[in-house]
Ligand code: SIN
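First comes one chain, alone, set out as structure tokens in the form predicted alone.
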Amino acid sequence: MSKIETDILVLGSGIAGLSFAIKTARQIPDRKILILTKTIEGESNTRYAQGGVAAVWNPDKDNFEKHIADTLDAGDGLCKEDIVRIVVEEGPQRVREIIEWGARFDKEKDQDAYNLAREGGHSEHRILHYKDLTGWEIQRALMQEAALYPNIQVLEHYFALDFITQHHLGRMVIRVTPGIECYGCYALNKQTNAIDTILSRVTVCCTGGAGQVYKATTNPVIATGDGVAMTYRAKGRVENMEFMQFHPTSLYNPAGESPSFLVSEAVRGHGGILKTAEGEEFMHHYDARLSLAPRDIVTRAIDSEMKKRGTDCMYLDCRHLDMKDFMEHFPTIYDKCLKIGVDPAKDMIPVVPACHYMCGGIMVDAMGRSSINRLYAAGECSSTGLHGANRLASNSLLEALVFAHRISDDVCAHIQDWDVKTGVPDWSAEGTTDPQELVLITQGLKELKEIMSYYVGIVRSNLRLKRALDRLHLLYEETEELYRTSTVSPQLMELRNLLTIAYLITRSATHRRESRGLHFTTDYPGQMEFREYSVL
């Protein structure tokens, strides 16, 4: 065990964490910035983003008011309009910055203009993209830029365990305690198995999503909701966790695959049409925008058709498209389809919904400040008010860039007001031993995913939610007993964090007695009560 001190601690090395670090390193080069990542620097939710980043880029055809209207419409009455305006209006400049740092986006042939795609819920073509590997390209550019600054240090294979607050100094801290402060975190060095105490003046949480709480997810295995769970344990405010977005079109693979392979929304924007196995279109029964309706509508439509027909998937028909053009735009998707025996030129692509994005998370204000002093949050782990009850496609990367910039400005303005806390005790592992049966952890995770998938999925009911809470409680008690008696491991902590996420999703869904956006319940199928955010 050792103590590590830094000026600024960043958890996560995706678009939010790296862009914040770069901007801050440029503004205050004399301050040390430490980034922790639980695997390697290049592994993040960002790198798996296929579609692109939405921004008003062609003023002759598009404008801020259109993008704002599309975002508000997708959010189903729960977006914070002032936040939507901030992100939409500041977004283009943030995108220009990462282009200056080396991020490449596809351009029209023989032209300087960018090739702008259109996705579900967008009224105009405004998605900048790099083939179907946009996230990978942005991650590459950010890593390359971050390496230029000597005051940025990245520690790989560090698993953050808990935020350090007054609680660790012997003070009683509950959810209504005023003035809770974050002094850093305890983190497990996965290479040495030592738990280090990492102290900082300020902490920025950019830990990504929590898709691994469900059996079928497009998220990588690292997406276990660590930052949200840590904030909740530290008595910070978390909101809108019932709004878990299922992407309507992950690739259906009968052989099974985890994570699920994403068939980007941009394929439908490119002209792909959703159909049944018999080749019949069905989206006209659900929305006038057909296959380009927002994700919550398309997901429920596919789920409904699958249940009515007793089938395992629906289909995305691209056979009518120019296949050379399709291959240029979606080379990864095309190659993946071929690998499972589907030729998009001849066969319809089998698709099925999969958990994709967490619209709720750590409650933050317009500058990314959480309810815990000296703790900020950005990216998918945060809840800014942009997405409301359902995220508009390709708004997530934009949100991360805008809030990373705003947090950087706020941190740079106040860094001199904070000191590194002294007297923080080391992590105590007294009374614990190495777990004797790892099957308890693996089976617990399997049970958790099944509970959430069957009872708290795309369609919910009061009975299903109660059953989920009852089973989650038993699993929670078993896991907490294991945590109290066992030395910590990444597997145990991820199970513990995912249980917290599962509870927050289910509890929030229980409180929302209406159907709105991503939360659809058979007990209130047509009831809209326009209730404010659900805060836990």
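In this text, all values refer to a predicted model and were calculated from it rather than measured experimentally. Residue numbers here begin at 1 and follow the sequence given.
The same protein also exists as the form predicted in complex with this ligand; that form is not shown, yet it is the one meant from here on.
Chemist: Quick one: D296, R460 and R516 and this ligand in the predicted bound form, is every residue within 4.5 Å by at least one heavy atom?
Modeler: No: no residue has a heavy atom within 4.5 Å of the partner.
Chemist: Could you tell me if R126 has a non-hydrogen atom within 4.5 Å of this ligand in the predicted bound form?
Modeler: Judged by the heavy-atom cut-off of 4.5 Å, R126 is well away from this ligand in the predicted bound form.
Chemist: When the contact criterion is heavy atoms within 4.5 Å, does I407 count as touching this ligand in the predicted bound form?
Modeler: Contact with this ligand, no.
Chemist: Applying a 4.5 Å heavy atom distance criterion, does T203 contact this ligand in the predicted bound form?
Modeler: Looking in the predicted bound form, residue contacts with this ligand do not include T203, since no heavy atom lies within 4.5 Å.
Chemist: Does the 4.5 Å heavy atom contact test between T506 and this ligand in the predicted bound form come out positive?
Modeler: No, T506 sits far enough from this ligand in the predicted bound form that none of its heavy atoms falls within 4.5 Å.
Chemist: Which single stretch, out of 82 to 90, 386 to 394, 109 to 117, 408 to 416, brings residue heavy atoms within 4.5 Å of this ligand in the predicted bound form?
Modeler: Going through the listed ranges, the match is 386 to 394.
Chemist: Between the options L262, I362, C359, L375, which residue brings a heavy atom to within 4.5 Å of this ligand in the predicted bound form?
Modeler: Contact residue from the list: L262.
Chemist: For a quick check, can you give me the residues of 1 to 23 that have a heavy atom within 4.5 Å of this ligand in the predicted bound form?
Modeler: Result: empty, none.
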